[in-house]
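Have a look below at one chain only, the form predicted on its own, in structure tokens format.
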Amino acid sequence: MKIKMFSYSQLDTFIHRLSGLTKLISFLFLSFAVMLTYDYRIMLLTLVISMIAFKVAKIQLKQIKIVLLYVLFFLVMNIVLTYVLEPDFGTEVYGTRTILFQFNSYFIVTKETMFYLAVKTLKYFSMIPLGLIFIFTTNPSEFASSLNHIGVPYKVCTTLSLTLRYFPDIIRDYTNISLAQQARGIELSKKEKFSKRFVMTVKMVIPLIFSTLDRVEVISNAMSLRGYGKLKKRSWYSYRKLQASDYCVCLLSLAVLVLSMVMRFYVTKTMFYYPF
């Protein structure tokens, strides 16, 4: 089977066989569990669950390579800016100050700040895989039908389904435009200066926006011609009933959320847990 970039891949795995509703609920539960606290133990638990799900879902590195590069870039920028703007932020958060070394009176490296930045990095890495798993393993049509069966209006469900299907098309069009530009002799690789590559990328985005608007109009006209939206209800071809495995996964993710709340409000009684 041909591997699709940043889109749903139809495979026969345990994760793929789960309902789209199950994966959405689990994604929200685990995300809330991570957002509630800066306790690295909860984040490590969520990260382990995500890595196991990645392995089971057979998601390959080349499918998420581009996404990981962008994530790493913005993550590094975030960490650098956090330190540059407030080098002693860890002391304000944890209430202690252990100086490791310092460059001058402003740029002081403390154990507390380094620990905070490490936990912040772990926070990102424990949440991002959850979203990628949802995108790569969820059939848009099945996901839309699952939402409709719990009361979400089918027009909203269809919009979400089209959105999930549209991301791969945007990436494919961008790739085609990029290859066409390179075939005309325009250098877009790392050999060219970053400033020039950035300008050329902006120039490629402009026709991509216009093609996107044209496609939206075509889809809208096609749906209108087929009488979409005239009836209050619609049937779904790819609806999937919840199985025992769906309930088990939801309970597992709920258990992680409850554990995070217990640790946050009753055990550590603080958002920023510091073990030292």
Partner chain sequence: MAYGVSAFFGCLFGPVASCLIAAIGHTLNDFIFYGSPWWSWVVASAVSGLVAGFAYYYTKLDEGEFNKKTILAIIVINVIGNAIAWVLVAPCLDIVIYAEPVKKVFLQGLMSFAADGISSIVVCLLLTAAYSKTRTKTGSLDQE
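This is a predicted model, so every value here is computed, not measured. Residue numbers count along the first chain shown, from 1. We call the rigid core whatever largest set of C-alpha positions still superposes within 1.5 Å between the two forms.
One more form of this protein should be noted, the form predicted together with the partner chain, which is absent from this view; the next part is about it.
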Exercise. May I ask you to state whether Phe272 is within 4.5 Å of the partner chain in the predicted bound form, using heavy atom distances?
Key: yes
(Q) Even though the partner isn't displayed, in the predicted bound form is Phe74 close enough to the partner chain, meaning a heavy atom within 4.5 Å? (A) yes
Indicate whether Asp169 is a 4.5 Å heavy atom neighbour of the partner chain in the predicted bound form. no
Q) Using heavy atoms and a 4.5 Å limit, would one call Lys120 a contact residue for the partner chain in the predicted bound form? A) yes
Answer key: of Met114, Leu81, Ile99, Leu179, within 4.5 Å of the partner chain in the predicted bound form (heavy atoms) is Leu81
The partner chain in the predicted bound form has a heavy atom of only one listed residue within 4.5 Å, and of Val48, Leu28, Ile219, Cys248 that residue is Leu28
Decide if the three candidate residues Phe54, Ile150 and Val258 all line the partner chain in the predicted bound form, where lining means a heavy atom within 4.5 Å.
no
Near the partner chain in the predicted bound form, with a heavy atom at 4.5 Å or closer, the residues from 84-99 are Leu85, Glu86, Phe89
Once you line up the core, how about Cys250: does its CA shift reach 2 Å between the shown form and the other one? no
So that I can tell if Ile49 moves, could you say whether its C-alpha shifts by at least 2 Å between the shown form and the other one after the core superposition?
no
Open item on the list: Once the core is aligned, does Ile150 move its Cα by at least 2 Å between the shown form and the other one?
Closed with: yes
Output row for the Ile64-Ile209 CA distance, |change| of 3 angstroms or more in the predicted bound form, reads farther
Against the displayed form, Leu254 vs Ile150 by Cα, in the predicted bound form, with 3 angstroms or more change: pair is closer
